[in-house]
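One chain comes next, on its own, written as structure tokens: the form predicted on its own.
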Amino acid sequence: MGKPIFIPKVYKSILDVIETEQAIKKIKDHFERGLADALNLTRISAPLMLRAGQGINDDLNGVERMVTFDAIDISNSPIEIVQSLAKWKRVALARYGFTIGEGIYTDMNAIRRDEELDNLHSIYVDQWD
């Protein structure tokens, strides 16, 4: 069980919901540009799901249960929601032909059904990788 979520009783946002979303986007864009420029990175779109059994969906510490499902037009292969892109990124670096001094980053979205929830952790993951 995660730590309890704590919201201070006196907390009051100075922005409304729309302003908060716009501020998040501005900060995210600014950070992405700065990071990419400083480290010579290219943004690559990340998969939300992968076919099971390919060895590129990192199962983190090996005990988390994957979110899996089947798809009508993809037979004999369960689909898994991405847990971590550590292995996928290595495959992507080679696939796109990046060399020393170049790199990639991506904005990963995932669902981690066994995540311990607290102020920093959620079942829904939206993170840079």
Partner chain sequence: MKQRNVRTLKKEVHKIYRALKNSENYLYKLFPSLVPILPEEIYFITTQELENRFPELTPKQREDRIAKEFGAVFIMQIGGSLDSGEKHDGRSPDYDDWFLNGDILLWYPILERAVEISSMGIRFDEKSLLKLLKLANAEHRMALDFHQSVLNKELPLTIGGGIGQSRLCMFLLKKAHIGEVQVSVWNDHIIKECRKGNITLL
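Just so it is clear, the model here is predicted, and its values are computed rather than measured. Rigid core (definition): largest C-alpha set, two forms, superposition within 1.5 Å. Numbering follows the first chain given and starts at 1.
Beyond what is shown, the protein has a form predicted in complex with the partner chain; the following relates to that form.
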Report yes if any heavy atom of residue 34 sits within 4.5 Å of a heavy atom of the partner chain in the predicted complex; otherwise report no.
yes
Would you check, heavy atoms only and a 4.5 Å threshold, whether residue 78 touches the partner chain in the predicted complex?
no
Just to confirm, residue 94 within 4.5 Å of the partner chain in the predicted complex by heavy atoms?
yes
Can residue 107 be called a contact residue for the partner chain in the predicted complex at 4.5 Å between heavy atoms?
yes
Heavy atom within 4.5 Å of the partner chain in the predicted complex - qualifying residues of 74-105
86, 87, 89, 90, 91, 93, 94, 100
Residue 15 C-alpha shift between the shown form and the other one of 2 Å or more, rigid core reference
yes
